[in-house]
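Heads up, the chain shows up twice below as structure tokens, two forms, tagged structure 1 and structure 2.
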Structure 1
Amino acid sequence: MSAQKKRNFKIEAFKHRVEVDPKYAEKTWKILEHAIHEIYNHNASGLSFEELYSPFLVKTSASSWEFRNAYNMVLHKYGEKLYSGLVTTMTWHLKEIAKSIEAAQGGLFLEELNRKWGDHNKALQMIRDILMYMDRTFVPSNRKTPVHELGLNLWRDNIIHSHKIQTRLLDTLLDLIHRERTGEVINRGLMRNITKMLMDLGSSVYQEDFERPFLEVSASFYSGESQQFIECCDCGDYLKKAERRLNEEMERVSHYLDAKSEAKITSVVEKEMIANHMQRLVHMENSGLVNMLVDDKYEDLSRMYNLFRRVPEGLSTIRDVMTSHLRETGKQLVSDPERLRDPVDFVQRLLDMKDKHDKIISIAFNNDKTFQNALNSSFEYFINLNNRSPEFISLYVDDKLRKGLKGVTEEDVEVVLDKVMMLFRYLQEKDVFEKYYKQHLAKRLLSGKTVSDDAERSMIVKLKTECGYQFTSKLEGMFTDMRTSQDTMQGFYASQYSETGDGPTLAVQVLTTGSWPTQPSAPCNLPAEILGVCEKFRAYYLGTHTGRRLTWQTNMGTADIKATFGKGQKHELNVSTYQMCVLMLFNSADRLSYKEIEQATEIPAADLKRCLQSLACVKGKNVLRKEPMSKDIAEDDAFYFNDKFTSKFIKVKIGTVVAQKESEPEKHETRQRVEEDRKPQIEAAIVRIMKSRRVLDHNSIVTEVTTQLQSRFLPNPVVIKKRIESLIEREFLERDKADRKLYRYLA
């Protein structure tokens, strides 16, 4: 096989001369023209499509030459005559069809157009089948329009663009859509067929003859309707109507318009019903965005969010109004004198406000991060307007960890602490919070009033995570001291076992000076019985620890004393150390003046007055009587042991009358301590920066110091300048000799 020589085949034209009848083309065309007429007249069933088309049909009778077909016409180079004849014949028929459509009255107009369109498509399919050979050979080689496309173009030119039909068709379609918008039921199937016809004729026909006017009329319709709605509806109702209209238009597109029209018509509705009225809607009196936020109208807020997000600047409009409302509301809250009287209620209102708007953002605003950021920014703004916010947040934690979380599960405790930490993050002066938190924690630990050690430690862990080890190291040291004190007391009583007897029992907490917020206080005169035990403990402690010094903090202690009242009624009184010192004086006197008590105890005047007030002026706790009887303590008052005191409880706790908040002098003192503590931190930051940068201008130092310290507090530029001056004096830095605004680090 491989050795055989390859043979090349060649197809040559048939050499036999074929004689063609000179009238062949005319005769054949007449046959085909008749066939086209029959097709349009619905008589196609009588036609022989094989004879009209097939080149392979063999006839033996003489009549076989009566039928010539499209194939032979093209084959014999009469394609042009066939094509032009087709155009003429179809045009004639379409003009007749146009007359029929034009004559249709009222609602029959679209039905007639739809029916004729269906007929034309069927006819076009048959004609294309007959002229298939022409369509495949003559049309592409002569750059003619294919038969099917030709039929569509002729329909467009003679029917759709007919002067009498074009305007009437558009008006009819727009009228039906208007009627559907106003509540009437229309024949959607017929509408779908007509718009599908326009789409089949080409996107330009659909767009120019229908879509563009449709969008213009729709814009006019919704412009008028939106104006009408906004005059008579509240914001919530208006948004419902706008949402319904949007859904209707999307449904309309899905039923009988081009899918590409959806974006265009919804854009029209959005512009006319939402974008053009955004400001009026959000600020609408008694029903706008602020009212929705205040009344927790989640459904309306969600609807507004979903509608406004469809238009440019929509969400920013909602966000700006919400931010403005939050800042104004928060500003009123933090500056209201009535609210500032109760720090716990103050913070609880902040938490409730945060919870409320968190829920709104989660449910109605799709948990939008930009809204969450706006909420955080607003809270940070107004919380820091009140410089007592750090103190109040610490007092809130103090209240919860003292009594507010009793009987609450660990999970709920964590929720409360997490919410507090959320407010803590907004504080610019976190070091002020630390000062107060240390004071409040100390009181809880020393009085044994903490509700749970686990909750206390959990809070410290959260603070440590947020601000680092340095922030909580002293707080953790306080817990260490409490544990060490327990071991110390066990050792003390083990060494004093043979000497304890019936004397008073002493429980001492030994506090490390650097860790606890202790303040120098004048020691009061303790009763002799207590003083003896205290001296024994001092001797024991200093004997077991070298190089240490003990200072009694009598202002921070408590005592349990047994008291016998009239008729032999006995009670156990839980009092402060100062109160104990006062009450023990009445073992040897029935009446004592204020001056005598002050002289005997040497308790500071302010503390003594609060102490006496709680012992003599609080109903149900008045173990002393005061003359004259009044709420306040005067220096000429006299005090008596109250024999008639009764209580249904064996154990009676007598608290000291204290202001929950600091007094003005105390506040000023705390602020001064904070400012003093900030100085070394600012200096350390300056030195760190200059050590790495070597040379830096003043403004850059201020910026970098602020950046480094803002997690604890916002340093004042004036203070930074003073600390720079101090470092220059101590030769850590120097000014550049050429440029006084530049500083150089001195190694």
Structure 2
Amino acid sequence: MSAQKKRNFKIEAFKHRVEVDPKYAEKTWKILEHAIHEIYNHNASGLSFEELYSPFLVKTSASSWEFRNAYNMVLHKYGEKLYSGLVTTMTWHLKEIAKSIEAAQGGLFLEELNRKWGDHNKALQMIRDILMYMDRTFVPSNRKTPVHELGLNLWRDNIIHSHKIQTRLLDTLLDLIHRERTGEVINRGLMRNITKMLMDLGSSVYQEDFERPFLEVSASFYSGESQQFIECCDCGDYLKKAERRLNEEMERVSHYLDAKSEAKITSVVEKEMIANHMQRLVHMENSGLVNMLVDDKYEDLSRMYNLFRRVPEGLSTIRDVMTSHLRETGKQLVSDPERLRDPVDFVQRLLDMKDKHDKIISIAFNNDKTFQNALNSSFEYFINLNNRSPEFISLYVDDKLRKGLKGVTEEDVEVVLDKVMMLFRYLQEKDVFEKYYKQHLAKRLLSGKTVSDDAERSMIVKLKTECGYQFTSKLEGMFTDMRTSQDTMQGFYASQYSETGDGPTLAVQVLTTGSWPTQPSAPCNLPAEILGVCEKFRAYYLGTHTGRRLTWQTNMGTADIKATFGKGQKHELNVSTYQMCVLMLFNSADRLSYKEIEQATEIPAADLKRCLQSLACVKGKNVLRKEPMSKDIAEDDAFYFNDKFTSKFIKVKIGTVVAQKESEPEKHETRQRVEEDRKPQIEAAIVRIMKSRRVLDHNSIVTEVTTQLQSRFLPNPVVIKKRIESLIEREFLERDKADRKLYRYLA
């Protein structure tokens, strides 16, 4: 717009000096009043606003006109008359509009309301424009409601809150929503306009006149629906329905409700459909959480997780049920006598159970850490219910390292061992595991029956990382001994070079006492041929290692014997040292009684019986014949060299040095040794603690000792108490004179 034009209008405005007597003011008002009427009826008149009033208008900008009259009225202090006149006129019009809306039939009600609202807004716009001077000057200085807002308030008071319309409006809206919920298609655009109207009138209008009742009605709708569903649906289906409803409501909000309603309506659905039925859903027979877990229903579980996380206690409900299910299942697994027969299978099932649930947590439970923790604590609980778990896990590893991992790639080996380590971490009695692992490793090393040295080492490294070097230092010592023995043997044979003969070839493994599992070994009488070469070795070794003492472990060795049978068939027998001693006797006798064998070999009775059984009573390995042919060895049995022995193998393995699940008495013995080993550890911990604290009460000592030792085992408070008393006896500690619950360290 050019400056000149503007100036023109302005000048023109100023030019008009009018008389301002009341009569004139009244006349001026009448013109304005009429204009307002026309604005409201502008459709009816057919003429445009500008056309009607151009002479009276003042153009203040390219797009807005003002009644110079209005301008004048305000200027000459008649603003109050103008304003109240405006209120009156608008109110009158709105009342007429209300009547026409009320008269609308059925479905047209909303449409009429919507249309009239549209009209009102347009009118309001124009009115505001023509009264802009008043709006900008009179209104603020007299603290009146601005025109636009006034227009909205009057609409609210006269239309929305009109008695007939108010109820009907709400009912109509709720009815439409209900219909949509039950599957009908409704006019969403129209709904949108109406709710937007309510928002425009003020958020409290929206809330009071629509939202609050909407939420109440929704609550009872969903309460009813959820009741219905839960009677007839299984858990998975119910959750699908709930999810659908939830999504539906969110979509509803985005299409025709105010955005702020979303959180409120979703929380209604969550409460009615989920929170109120959580327990029933989770525990539903044949389809509840436990069934989903058992059947790996990832989708259903995922849905449950996502729905339940929206409500308070939702996830903890799932977690608690999962935990008790795990504990129950695990407890059954470890207590089932059938399962306990095969340690390797036992552990495999544990690993499978872990894998299964890891997968569920990862796929369906969003890798939720709290669920991981629940899984871990459940495993820790039931694995330790069976006190043979440490032994069995060691046997599992033994089986894998002995043959199970044959041909498996390095990476896959790592995977298997890592999984085993996870189980290991759950053990409370790690020192028991250590004892068994040592035993089993010893047997593997001595019989040369390990699938891969790298795998063995890898396992040691993992144990070291988990438990510290002290745990594995002895195990490593065992490996070192094996290597050193090889070197020693080389040196021995080099030194015997000049004396090679037909004598037996000796392979010695020299074991350092502290590193290997202690087994009491009763010496037995070795055959003469062996004794000679053994002595040579002893002399050689002690020659290079003064101050050491060597003891032959006849219960742990093996021998390869060449045997020729009745029809000249030759076989090479791989036997234990004891078995060799027995067999060699038959070089000089065809028949020997049990007693004679016992006398000659001096092998302890229990071992001897086992040995004879393996030589005479096992099909395919019976190089000896026994009379009578019974399975058990009796004191007056007689043994014969079995001329008629046959085997399709040239090399026949009869020795038994394989790690096995311990028998009851052996188990008992091992446990006793473990308990004995724990005593000094507990005492050392007590002394350490008391040395630094000087004075401490009983319960604190127990707590601290438990903390210090928990990476190895869980000390029994009674044992701790006994150790304290022992230390008092030996005058390391004393009771405080005044407070008998306190102990003092005696330097």
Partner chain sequence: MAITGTSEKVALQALKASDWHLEGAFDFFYSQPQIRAVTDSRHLEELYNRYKDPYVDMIMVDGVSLLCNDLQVEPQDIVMLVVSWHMKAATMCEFSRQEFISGLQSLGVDSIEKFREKIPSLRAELKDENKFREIYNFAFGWAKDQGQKSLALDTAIGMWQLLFAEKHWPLVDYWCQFLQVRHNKAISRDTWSQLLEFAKTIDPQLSNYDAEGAWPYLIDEFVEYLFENGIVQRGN
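If you're wondering where the values come from, they're calculated on a predicted model, not measured in any experiment. Just so we're on the same page, rigid core means the largest C-alpha set that superposes within 1.5 Å between forms. Residue positions are counted from 1 along structure 1's sequence.
J.: Looking at both copies of this chain, which one is the form predicted in complex with the partner chain?
T.: Answer 2, the form predicted in complex with the partner chain.
J.: When you overlay the rigid core, is the Cα of residue 337 off by 2 Å or more between structure 1 and structure 2?
T.: Where the cores coincide, residue 337 shows only a C-alpha shift between structure 1 and structure 2 that is less than 2 Å.
J.: My question is whether residue 305 is one of the residues whose C-alpha shifts by 2 Å or more between structure 1 and structure 2, given a fit on the rigid core.
T.: No, its C-alpha moves less than 2 Å.
J.: Once both forms sit on the same rigid core, is the C-alpha displacement of residue 604 at or above 2 Å between structure 1 and structure 2?
T.: Indeed, residue 604 is displaced by 2 Å or more.
J.: For residue 533, tell me the Cα shift between structure 1 and structure 2 once the rigid core is superposed, in Å to one decimal.
T.: Residue shift at the C-alpha: 2.5 Å.
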